[in-house]
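Next comes just one chain, in structure tokens: the form predicted on its own.
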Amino acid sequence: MPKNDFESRKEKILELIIENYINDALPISSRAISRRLRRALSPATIRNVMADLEDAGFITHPHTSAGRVPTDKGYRRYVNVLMQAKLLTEVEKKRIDESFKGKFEEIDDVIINTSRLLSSIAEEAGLVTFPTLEKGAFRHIELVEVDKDKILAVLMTKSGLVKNIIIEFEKPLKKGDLNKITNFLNTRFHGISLRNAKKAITQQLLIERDAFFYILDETKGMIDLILAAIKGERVYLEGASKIIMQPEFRNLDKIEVLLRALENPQVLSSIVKKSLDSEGVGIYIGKEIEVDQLRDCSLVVCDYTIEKDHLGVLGIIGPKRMPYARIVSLVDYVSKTLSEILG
């Protein structure tokens, strides 16, 4: 038998083992695979192939079961080589599109809606990082004094969404300075990001030495306070309870460990950090997530952008036997839709 034929048999059988486990969460035997292949291969031949796959680390057998289940290495081979794309249905696309047609005024509302949508459609946990606003262009900014040492900064994005930020400062501003700073920002830096506005002001401060230096310096200080207030990767997660409904998480100890991890902001931040600077869909299986409490899970994530500027990531956390082909399409489509909404 030609080597290529043998390799294709191995990959077909590996694909059947994985897809069976994704659908049923049960090990599959050589006899059941033979039936799936309409007896094209005998159970004895399939057992030999399964033995090779197990020796290569792609499958294993739990306990004394005669059936086989995929390993992390098997899942990786599946998503990299064997998986066939499964596009969303028109009904699913319409549901996603409709969910973003509601009236959103706050950026936070859009992020929460997105996470809930991902969780609802995937029947897993959906996560979304809040956008890194320092990179995004703003259309308008309003600064309002709410106390002697507190200011409300209202940022309006180019798409009309609003972000309210309370910032505190040590020294009070002179009377009228807040209006001057507000007008200066909206006149000179309308349509660019706070980060780029800060760079421009810093450069101008090096050459400016007249009375305007004071306003420039105060504006830079205000931007620093705003950037400090919005710094950090906040993550919103919805649907953790849906993961523990899966058969592999019926053990109470496993449930407790998993929920504790998903409720920990530091764990969530560490999960998404690896994909913050990457483009497109990324898949992390088991140990690849690099969080011991999530070694029985997989993570599918994708970045979202505004005008090619990377703002954050969204994705799905679920068991390793999640239906990757469908989840990849879901995450990719929602990412593009969210990018359009924010942009």
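Under this definition, the rigid core comprises the largest set of C-alpha atoms superposing within 1.5 Å between the forms. Bear in mind that the values here come from a model prediction, so they are computed numbers and not experimental data. Just count from 1 along the sequence shown to find any residue number.
Same protein, other form: the form predicted in complex with another copy of the chain, not shown, and the subject of what follows.
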* Asked: At 4.5 angstroms, heavy atoms only, are Asp108, Glu142 and Arg234 all close to another copy of the chain in the model of the complex?
  -> yes
* Picking from 198-206, 253-261, 74-82, 88-96, which part of the chain touches another copy of the chain in the model of the complex when contact means heavy atoms within 4.5 Å? -> 253-261
* Proximity to another copy of the chain in the model of the complex, single hit among Pro172, Gly191, Pro265, Gly102 (heavy atom within 4.5 Å) -> Pro265
* Asked: What is the one choice in Leu216, Ala137, Ile244, Ile121 with a heavy atom within 4.5 Å of another copy of the chain in the model of the complex?
  -> Ile244
* Asked: Taking the shortest heavy atom distance, is Asp177 within 4.5 Å of another copy of the chain in the model of the complex?
  -> no
* Using a 4.5 Å heavy atom cut-off, state whether Asn183 contacts another copy of the chain in the model of the complex. => no
* Asked: If you check in the model of the complex, is Val162 within 4.5 Å of another copy of the chain, heavy atoms only?
  -> yes
* **4.5 Å heavy atom contact, Arg116 and another copy of the chain in the model of the complex** => yes
* Asked: Using a 4.5 Å cut-off on heavy atoms, what residues in 140-156 are near another copy of the chain in the model of the complex?
  -> His140, Glu142, Val144, Val146, Asp147, Leu152, Val154, Met156
* Using a superposition on the rigid core, decide whether the Cα position of Asp253 changes by 2 angstroms or more between this form and the one not shown. => no
* Asked: After fitting the rigid core, is the C-alpha of Ile112 off by 2 Å or more between this form and the one not shown?
  -> no
* Asked: Does Met222 count as moved between this form and the one not shown, where moved means a C-alpha shift of 2 angstroms or more after fitting the rigid core?
  -> yes
